[in-house]
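Single chain ahead, by itself, as structure tokens, in the form predicted on its own.
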């Protein structure tokens, strides 16, 4: 995350997108992004994995990531190329799993209202600022506290712990 701005085209979905739709159970035999990515959101949007480009952004309604406690779900989204997810709200386990694997997630109901499918959006995950470059509009989501940003900056919890064990403080 750091000071890196995220920029991408939006894939917008509705409320209660559950982990079974994000990555169907039939593919949850792996935790490898390259194996999960081709099936990301397959049962909701069969074209997502073939259309998403590196850096694109998923925008959704309430309760994104509800359902099974599946770390594979944020891995699939990140592996497919999405740089972050913006939603009205997240299921708590998906929220934490996203932090653990280094996928930025922002709660921003007003931004969800002002962003449409296909818009180009810029996100500053360090400050929470979201700007719609297509339609105009700027919103601020709650920024992550420094300790969570540090986990995200290290690519997730595993990278963070490895750096800590190696005696590095970032």
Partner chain sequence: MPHTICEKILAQKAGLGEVFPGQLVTAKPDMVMSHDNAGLVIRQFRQIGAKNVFDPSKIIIPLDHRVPAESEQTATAHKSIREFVKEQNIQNFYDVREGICHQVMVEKGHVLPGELVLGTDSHTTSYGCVGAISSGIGATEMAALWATGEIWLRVPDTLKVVVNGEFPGGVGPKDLILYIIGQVSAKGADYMAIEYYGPTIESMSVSGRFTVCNMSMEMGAKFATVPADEKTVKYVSSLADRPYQPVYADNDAVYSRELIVDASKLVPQIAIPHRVDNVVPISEVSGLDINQVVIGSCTNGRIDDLEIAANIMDGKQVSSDIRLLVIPGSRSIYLEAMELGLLKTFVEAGALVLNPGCGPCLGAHQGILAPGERCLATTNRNFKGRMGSTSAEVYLSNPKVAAMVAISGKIPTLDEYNSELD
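Numbering follows the first chain given and starts at 1. We call the rigid core the largest set of C-alpha positions that still match within 1.5 Å between the two forms. Treat the numbers as computed from the prediction; the structure is a model and nothing was measured.
What comes next is about the form predicted together with its partner chain, which does not appear here.
In the predicted bound form, its partner chain sits within 4.5 Å of a heavy atom belonging to residue 91. Proximity of residue 127 to its partner chain in the predicted bound form falls outside the 4.5 Å heavy atom cutoff.
Interface residue remark: residue 4 is not counted as part of the site for its partner chain in the predicted bound form, having no heavy atom within 4.5 Å. For residue 10, no non-hydrogen atom is located within 4.5 Å of its partner chain in the predicted bound form, even though that partner is not displayed.
Residue heavy atoms within 4.5 Å of its partner chain in the predicted bound form occur in exactly one stretch of 49-57, 133-141, 32-40, 119-127, and that stretch is 32-40. Of the residues in 44-73, those that come within 4.5 Å of its partner chain in the predicted bound form through at least one heavy atom are, in sequence order, 62, 63, 66, 67, 68, 69, 70, 71.
Once both forms are fitted on their core, a CA shift of 2 Å or more is seen for residue 161 between the shown form and the other one. Residue 21 shows a C-alpha shift below 2 Å between the shown form and the other one [criterion: core-superposed Cα displacement of 2 Å]. With a cut-off of 2 Å and the rigid core superposed, residue 12 has a Cα displacement that falls short of the cut-off between the shown form and the other one.
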